[in-house]
Structures are given as C-alpha cells and as structure tokens.
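Here are two versions of the same chain, shown separately as structure tokens and labelled structure 1 and structure 2.
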Structure 1
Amino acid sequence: MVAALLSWATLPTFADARDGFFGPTNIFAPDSTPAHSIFRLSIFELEVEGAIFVVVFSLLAYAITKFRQRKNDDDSEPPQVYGSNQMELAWTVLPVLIVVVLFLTTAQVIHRVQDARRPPGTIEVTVVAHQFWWEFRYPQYGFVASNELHVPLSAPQLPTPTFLALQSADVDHSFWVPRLAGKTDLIPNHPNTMWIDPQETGLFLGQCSQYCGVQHAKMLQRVYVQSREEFNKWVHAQQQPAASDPAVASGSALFITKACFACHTVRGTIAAGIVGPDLTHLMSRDTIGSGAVPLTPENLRQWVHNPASFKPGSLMPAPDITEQELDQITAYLLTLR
C-alpha cells in the first residue's frame, strides 16, 4: 500500500502523457477554456509578429550587407538623404493598422475570459493563500482542504466550471496553473476571481508566481481534475470528521500538548488552529509542504521533526519533542485519512 502510494507520489510529474519534453506546465498545452482562449490569441499574435520580424529582420540584414563600405571605395561621401514624408507616413500608418487589429482581438478575449457568467452547476472554491501554502474552502460542501485542489471535469455538454474566489491571509501571491488558466494574484483585502473548466482528468501542476517571501519557490500547486463520480466521492470523504483511532491516543494527545493544535485544524477534535494547513484528511494528499515533498511516512516524520529540512523558511517551527514522541505523533498523523 505504502509502495503504491510512493510510486504514485514520486511520479505525478509524469502522470500526464502530454508532459513530454516540454514538461507539465507548458502554456501551449491548454486544457481549459481560459487557457485555450489565451492560447489561440497567442498563436494569432505570434503569426503576426513572426511576419513583422521576418520583414524587418530581412531589411536590416540586407541593408548592413549591401551598404557596407567596399575595399576599393573612393572615400567620397554617399548621397545625403534627409528624410521622406511619404515613406515615414507609410511606416506610421501600417503599424497603426496592426495595432488596431491586435487590440480588437485582445479586447474580445479579455471580455470573454474576465466577464464570463457562472452557469448553474458551477463549483465555488475560495482560495486563501498563506505564506507558503494554499487553503481551499468549499462553501457549497462545507469543508476546508489544503494544498491540493480537487475539481470536477467540465464536460462541454454540461459545463461545470470551477470559480475560484481568491484571497490572501498575508502578502501577495499568485495562482498559476498554466494549462488551466492564466494567473491571477491573491492580494490582501482585494478579492479577485478566476475560473477554470478542465476538459480532461488528471493532475495539473503550477506554482505561486508572485514573490511572497523566503519560500516563494516551494509554494507549489497541484490541481486534481476528477470525473464527477470520483469528485463526489472525494467530497464525501472530505466532509467526514477526522478518524479517531484509540491505538494512536498517545499521538493525538501529543498533538495537543505539543501545541500543534494551535496552528492546525483536525475536524472533530479540539484542534482548530488556522495558521497552518487543515490536517483532518492529511493522508488523502500526495505531498506535504504544498508540494515540497511526496507524502510518505518517512517524509512526514522528518517534516514534523524539522520542516526546514525540506522547506527552509517555512512558518512551521520545529517542535521540541523526543524521538519517541515523534514516532507517536507521526503514527497519529498517519491515521488522518
């Protein structure tokens, strides 16, 4: 079982067949309407600019080869030309036309992505960014998840897009999963929204892309797109309170006495801290530390022992506990599935 978990957790980067050489976060491999709209616009723009580039580049290259001073030059000055109103008018008007075309296409896409309406069946998720992890609230279903976002597939016939309300608990962050949508910032006291409607199941990666402090680099993102049934199953599991296993009672007591509860929530217990990720269903995740390392028993133990060994600068302090207590707490955490 652990082995299965391990292989699933260490390989997720390559889970998607389209990763290939260009990796799993290629903006040119869109899989959701906003990303598609951007993709089409960018291809159009690249074509226009490619044409401009070829023309101007060739003219420049031609000029510097054709008009170089020759060896047998007589040292006279070439004819002096001071300007030409017609030509200058031409290379003013032409760019104006190109700008008009580009602007109008762009404005259309801005409108389509930004002003999209929510169809019935929309999933609402409130994303709260923290230094250096993600909180996902599902108000329609009444639970909170952390670090790994689950959303249902959105079929073209019956679209069930997910609208994300973006907030920040501290500094600026940015939500960027390139294959699903462009990025939008999460800013304190400045609520934003964005939406995705993934067309394929699978794991989509991304990461925070607004500098937010020491561990900005390891504030990774994982979006799991699931079929409707799988998603419903996941929701149902998440809605349950935490498992309580008398076999790990010592660990669960340490969770309180060692102050873990001050920062972490474990639903169904007195732990209701909001400084760190919700741990109610910790073991339903594939990674710890917002994607920093795969969630294995060894890594989990090491994380609790000293989070800085994986994520120096993370805001979880290393607790003051013995090896034995560490084992007990880890055993307890391992039951939170």
Structure 2
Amino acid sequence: MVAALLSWATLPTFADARDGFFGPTNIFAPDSTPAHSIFRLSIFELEVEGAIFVVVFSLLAYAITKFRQRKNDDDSEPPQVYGSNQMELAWTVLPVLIVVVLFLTTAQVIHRVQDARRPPGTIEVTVVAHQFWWEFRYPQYGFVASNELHVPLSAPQLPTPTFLALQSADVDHSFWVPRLAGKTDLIPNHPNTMWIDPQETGLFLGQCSQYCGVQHAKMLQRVYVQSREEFNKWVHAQQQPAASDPAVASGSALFITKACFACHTVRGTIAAGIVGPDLTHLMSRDTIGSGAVPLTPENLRQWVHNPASFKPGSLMPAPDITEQELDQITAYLLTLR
C-alpha cells in the first residue's frame, strides 16, 4: 500500500494550467520541477483528507439515521456495549498507517527538492534581500542586477536549472514565486538555498512572504524566463559598463556631487555604493522600487524627487535638489540602458 502511494506521488501532474485561467501566482499552475512536486503532494494530501472526511461523514450520517429516536420507542436506555477489540484496533492502526504514508510522501518530496544534483550548465545566482528590494548577483558572469531576476528556460532535453543562494542583508525575508518553487526564507547570517527549472518562457510573479517592515507588501518579485539565446543576449548587455553620454554630463556630475554614488553602483564610473540597487542598466527594467510602479520617465523623475510618494517607508531619502537638478539627474538615469 505504501509503495503504491509513493509511486503515485511521482506521477506527472494532470493539470496544464495557464496564466489566462489561473493567474500568474497560482500554486495550481506549476511550471518548475519543485513546484510540480509540491503541487502533486498537495493534491495527494487533499485526496487523502477528502477520503477521511467522506468516511467519517458517512458513518456519522448512518448513525444519526439508523439510531435516531422514533415515536414508538420507549424511554428505557438501549443495550450498552462495552469494549470492542476490532474497533479499537481499527481506530489505532488506520490513523497510524495514514500518518506514515503522509510522512513518507512528504519526506520523498523534501529529499527530491532539497538534495537535487547540479547538472552541467547550472546557473548560479546569489539572492540578497534588502528592505525593501532584491539584489541578484551572477557570480558566473560578473555582474549584479536588481529586482528583476532573469533565468534561462530549462528544456526537458537540456535541463538548465538555476540554483539560488539566499541571503539577507537586514531582517527576515522570504523568496516565493508560487509557480516556480516553494517558499524559502532568507535569514540574516543563515544562508539558505533553493532551485528552479522553469519549463515555459514568460514572466513569473512572486512576493516577499515574510513580514519585513512597513513596505513588505511592495517587495515584489519578477522572474523573467527566457530562451537560452535571449538569456545570453541579456547577460552580455548586463556585463557592459554604463554608456557615457556627453549630453547628460551635468546630470552625471550631479549624481556624484549629490552623494547618490554613496548608495548606488554605476559600473564604469566611480559610483560603487552597495546600500541601494545597482543602476548600471536601470532602464532595461520594467519597474521601479521592486515592482512598486512601472518604469517610465515621469515615474522615475517622481521617484528621484520623493520615493515615499510611491513607497511610503522606503529607506531611500528624498534628495535636496532643485527642479533643474532633478531634471538633469533624471535625464542621466534615462541613459542607463
């Protein structure tokens, strides 16, 4: 019995859900091996619990119907039956068997997810959580990205999983992209790991799922799954230093003199701060503030002027600059592609 149930847990999923029907963060639309394993385990446990409910409810309904009081019943107490070895054996052995089966299936999934081997071609990314944004380091390629994680498609014929080393720069956070993997915490001074192998290109959304402060709700996650060719192009672009544009030299100078460089990095310049996101290729992203608002020239200008207008509680201070200086710095940032 146990062997049969364990083998069932390894069968392919019967669901082939898509964003248009289920939504971009639905756990019932898995698109990565860890998420598939968790989904199958969830369905299996729901079926076991459903079977228990049906049996218990049926017995309860039978007892209520069979032994209900009728009009012609006298008021005498019915015959009392004391002790039943068969009943005691049943309600002891069956729950133990159910718990053992659930334990073994869960342990199998945990082992499959946590002890997965790293095949050749594995992508390695170090994820560092900050209040309230994400830093993605690509040590194999020598650059750092922010807030938007890019990974290659992992085709069945050529598996290319992405292994994530999870760290926190301040408080407890949690990395959770429901369609790709289970929730995994990022705890200060306690590195964690997880992996994904998405089998469909597209944008997958997630959320920091451990309360980490006032802007926890706007610490969003965006995972872009690309074909290998598109991923390689993105990597090549990210490896380049920031382009130098004489037309925005005044804004570039203000970026330094107004101390923006103390928090942010722009590769190819003296800006090498690590407190805030790397801005080298800022305009290659789709959002500002870890998904707070779309990245448009208007929103970027307002973000520089007053980040709290989009993200109250943001740790980025509003700079003391004039309107003209604001325009110059914004014009410079718009060239960082």
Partner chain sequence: MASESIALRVHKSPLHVVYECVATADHKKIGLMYIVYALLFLVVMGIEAILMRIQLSHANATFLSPEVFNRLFTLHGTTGVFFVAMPILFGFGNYLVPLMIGARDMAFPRLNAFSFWMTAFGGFFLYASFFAGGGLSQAGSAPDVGWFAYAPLTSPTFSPGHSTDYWTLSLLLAGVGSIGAAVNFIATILCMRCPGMTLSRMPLLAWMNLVMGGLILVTISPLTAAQLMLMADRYIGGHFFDTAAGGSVVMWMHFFWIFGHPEVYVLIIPCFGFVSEIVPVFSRKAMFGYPAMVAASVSIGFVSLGVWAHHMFTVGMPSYGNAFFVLTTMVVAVPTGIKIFNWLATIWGGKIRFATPMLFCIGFLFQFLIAGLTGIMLATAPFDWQLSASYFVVAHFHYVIVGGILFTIFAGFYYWYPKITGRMLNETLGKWHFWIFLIGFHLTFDFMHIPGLLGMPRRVYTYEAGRGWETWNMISSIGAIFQAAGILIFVYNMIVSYFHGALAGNDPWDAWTLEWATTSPPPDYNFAGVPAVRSRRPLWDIKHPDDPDWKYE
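Reference numbering: structure 1, starting with residue 1. Just so you know, these numbers come straight off a predicted model, no measurement behind them. What we label the rigid core is the largest C-alpha set whose atoms superpose within 1.5 Å from one form to the other.
Here the chain coming from the form predicted on its own is structure 2, while structure 1 comes from the other form. The chain behaves as two rigid parts between the two structures, and the smaller of them turns through 13 degrees against the larger. Superposed on the core, the two forms differ at Ala90, whose C-alpha moves 2.4 Å between the two structures.
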